[in-house]
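Here you get one chain, nothing else, as structure tokens; it is the form predicted alone.
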């Protein structure tokens, strides 16, 4: 049986410094579930939601790629399978969104909001768990990691 996420690239984005415990729980579980489907998980490479998603992927034996804003690979979270320094600063958010087949936003911050906006503007399928109060047409808003992975499969299927 094949899955619509096998070999697809899903960006998991969310707060680094302001991630809530619930964001970290959702991100870890989403990373684990996405890895179980055979998806490759992309993140911004740092801590918070990004690190939690990579830890979930790692626990399931999957692949995660962190696209770092700076030039130092050592600044990335070690749970990632691969860390790619871009030297692009916050512009790497655009690279992250455009390299993904879909985006899963967990929680929200100003950086996350830029990734949400880029996904909406460029037509990249978007699923959100517990975002800020955003317009109704932002994307598919769900309450759990399980629902998020199911929604992503539906969008990419």
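What you are looking at is a predicted structure, and each value in this text was computed from that prediction instead of being measured. Numbering follows the first chain given and starts at 1.
What comes next is about the form predicted together with another copy of the chain, which is not displayed.
Although the partner is absent from this view, residue 33 stays clear of another copy of the chain in the model of the complex, with no non-hydrogen atom inside 4.5 angstroms. Residue contact with another copy of the chain in the model of the complex: residue 130 places no heavy atom within 4.5 Å of it. The closest heavy atom approach of residue 140 to another copy of the chain in the model of the complex falls outside 4.5 Å. Looking at residue 101, you'd find a heavy atom of it within 4.5 angstroms of another copy of the chain in the model of the complex.
Of all the residues from 73-101, those having a non-hydrogen atom no more than 4.5 Å from another copy of the chain in the model of the complex are 73, 81, 82, 83, 84, 85, 86, 87, 88, 89, 90, 91, 93, 94, 95, 98, 99, 100, 101.
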